[in-house]
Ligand SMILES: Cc1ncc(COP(=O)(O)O)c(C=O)c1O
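First, one chain by itself: the form predicted on its own, in structure tokens.
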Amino acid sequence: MNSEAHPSVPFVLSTRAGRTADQPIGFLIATAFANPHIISLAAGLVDYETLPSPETRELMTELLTDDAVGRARLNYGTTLGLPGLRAALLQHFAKLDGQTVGEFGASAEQIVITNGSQQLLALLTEALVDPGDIVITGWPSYFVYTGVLMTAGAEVRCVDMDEDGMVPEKLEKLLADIQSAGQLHRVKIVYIVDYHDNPTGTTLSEARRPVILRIVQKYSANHRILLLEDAAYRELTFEGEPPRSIRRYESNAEAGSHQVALLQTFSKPFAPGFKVGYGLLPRELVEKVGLLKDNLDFGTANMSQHLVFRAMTSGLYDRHVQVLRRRYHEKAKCMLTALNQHLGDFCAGETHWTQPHGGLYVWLTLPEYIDTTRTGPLFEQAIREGVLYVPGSYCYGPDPVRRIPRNTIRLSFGTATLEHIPQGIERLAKAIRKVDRR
């Protein structure tokens, strides 16, 4: 037998690996690094100057002062998360919904802490979705989760969005059509980013929240469809109080009948470097998600959990959220002012953008004849002008019965400075006018 190596022989990859494609964000970050002069209005990352470095240094010192206690915090934790933090997060959920823990109708045992909320999205999908199953998302929706669905082999079906979020009548029609086709058994998840949506910046209105829940309940007669409520940007509401969660509308549901999973994170309202996300799950899913997480990492980083727990109990977390609300409000106003200044007179009626009341994003729609995709003329022209954006085409799931629009853009004011935001919009407007072929 020939024992020589055969480097030209390929690995045989799994079908799961074959379904996993590049995430657009990798290309966008690489493009920004390759063009140091560029102003990035693309990546949905956080404001660099407000990251709580000195406060975290103090927390670390405090947590490691006693060697015995410090070593415990540097050891492994439990799979589902630090018990004290889980209890605090339950109180946090209830407080955000204006309820006591008793009124909220849940227990700390239903809280799962993960390496960012993205991991929890992936775990819930793995727990529920087989290849060929259907997951319903918004049109458009969070494109990183779409990548998770593609890896899972799911069929993505989409529901129209407007300025008040997902349109309930459109969701009901889609579910009715799927039922009429005898395929309702394949629907496993309805996914919605209901606060300051990524990518549009819109928020699901208060009036629509119980309606969306009732629709999902209606079509769960033979199996429960998970309503996956991604509230990553909930605490970044600029002013006033945001709507209550969808989960609140099933607070009084009987045990064993909850179907909302409410997910939040410390990444956007505090610091992504801690990599701590969390969710309140229907009781029946907690054990299975925990077993899947056991296979991955035995639990989220113990020290990170202790740090965010201390940040919550000391009041640091709440103070920092207020800082970020003011900061992002200022940035959003800066971007909206620049859009009005530089594109307010461009193709009236065909050019428009959302007016976010929180989060990190503005959704820009241009005339249909302007191609904003990565391979279109505007993207290359924008890079030449020195600005980077996310093509909106990335944000539409591969719904087999829909055609993906090619004239939308996601803009983020998360990382760009107050000086760079208007400069970036001016450069973008210049690129748009250069490719305009009217």
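Predicted model only: the values in this text are computed from it and were never measured. Position 1 is the first residue in the sequence shown; the rest follow in order.
This protein has a second form, the form predicted together with the ligand, left out of what is shown; the following refers to that one.
Asker: Residue-level contact is defined here as any heavy atom of the residue lying within 4.5 Å of the ligand in the predicted complex; does D230 satisfy this criterion?
Answerer: Within the cut-off, so yes.
Asker: So in the predicted complex, is the ligand close enough to H306 to count as touching (4.5 Å, heavy atoms)?
Answerer: Output for H306 is no: heavy atoms all beyond 4.5 Å of the ligand.
Asker: Find out whether any non-hydrogen atom of G290 is located within 4.5 angstroms of the ligand in the predicted complex, and reply yes or no.
Answerer: Answer no; every heavy atom of G290 is more than 4.5 Å from the ligand in the predicted complex.
Asker: Please run the contact check for K268 against the ligand in the predicted complex: heavy atoms, 4.5 angstroms, yes or no?
Answerer: Contact check for K268: yes, within 4.5 Å of the ligand in the predicted complex.
Asker: Pick from 161-169, 193-201, 243-251, 79-87: which stretch has non-hydrogen atoms within 4.5 Å of the ligand in the predicted complex?
Answerer: The contacting stretch is 193-201.
Asker: Name the residue from Y328, F104, W363, Y142 that puts a heavy atom within 4.5 Å of the ligand in the predicted complex.
Answerer: Only one option qualifies, and that one is Y142.
Asker: Quick one: of A152, L121, L339, I111, which gets a non-hydrogen atom within 4.5 angstroms of the ligand in the predicted complex?
Answerer: Only one listed residue qualifies here, and that residue is L121.
Asker: Quick one: name the residues from 273-304 with any non-hydrogen atom within 4.5 angstroms of the ligand in the predicted complex.
Answerer: Read in sequence order, the lone residue that approaches the ligand (within 4.5 Å, in the predicted complex) is K275.
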